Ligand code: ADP
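Below sits a lone chain in structure tokens, taken as the form predicted alone.
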């Protein structure tokens, strides 16, 4: 499936910590590509992050740095709208209105809520009602397509359920968004072999310094296969990560060395380290420039918020008229 050109595309990312290569290859790289032919809205989801971050300075800094990193990684503000979720207050108004027509059972079935509770995260209303705010994020911009991984598909289904119910009760008001399953995206493994995730503490950050990157790469968990023995590249975290940043020819060469034997994991890690460092070098230089010009990043976010609010205001006007929420102030 391909997104038709000039479609409204929306995605958000939580400022829960430094961006890692799982974020990049799992979503950000595709977001950057989509801006070439579509009307893309990308936001930093700081309201969502409040469900797990309770420190003001951490949330403020993370929010700014995620926006800066998106720009460093190739987002073009002349082609895509970049903004912070909380700069569009209409989204919380819509979230409340949607919550009045959302069945409790729908929220109780949310996989993400169950998963987080299973991981020991203390439940709160924000975590439980997360899908409602997410639906508001999507619907308030008349989003047509939302890029998601297969594990996030349920969120889009829930959003459509809410939109369809509202439309059924009050008349056609919302555009029904379609999920766009990101193509050719394998699960990016972390240093322990599990899916790379901040919650697992197994990430490799995109913009860490060389010494930190080296420490992370050299700590990748491997099996006890001896140096001289052949190794299965398809079961190796090192090879899985190397394929993301190497050319097909380079990947094939590493694969042959794994299968031939006499090639140690230590050497493979060194090759991965250099490839990762080289791959992100242009983005690292752009990031250094942006760090010296923080006012530019602020201006991008302000202009993005203005455009986002203009669209959100039109949608909210439709919603208020549909459900009878009267505003008497000018």
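Positions refer to the first chain, counted from 1. Computed from a predicted structure; not experimentally measured.
Below, we turn to the form predicted in complex with adenosine-5'-diphosphate (ADP), even though it does not appear here.
Though adenosine-5'-diphosphate (ADP) is absent from this view, in the predicted complex it lies within 4.5 Å of a heavy atom of just one residue from 290, 273, 27, 50, which is 27.
With the partner removed from view, the residue among 132, 80, 73, 196 that has a non-hydrogen atom within 4.5 Å of adenosine-5'-diphosphate (ADP) in the predicted complex turns out to be 196. Figure note: of the listed segments 210-218, 188-196, 121-129, 162-170, the one touching adenosine-5'-diphosphate (ADP) in the predicted complex, with heavy atoms no more than 4.5 Å away, is 188-196.
Looking at residue 230, you'd find every heavy atom of it more than 4.5 angstroms from adenosine-5'-diphosphate (ADP) in the predicted complex. adenosine-5'-diphosphate (ADP) in the predicted complex comes within 4.5 Å of a heavy atom belonging to residue 149. Contact annotation: residue 245 falls outside 4.5 Å of adenosine-5'-diphosphate (ADP) in the predicted complex, judged by heavy atom distances. Proximity of residue 182 to adenosine-5'-diphosphate (ADP) in the predicted complex falls within the 4.5 Å heavy atom cutoff.
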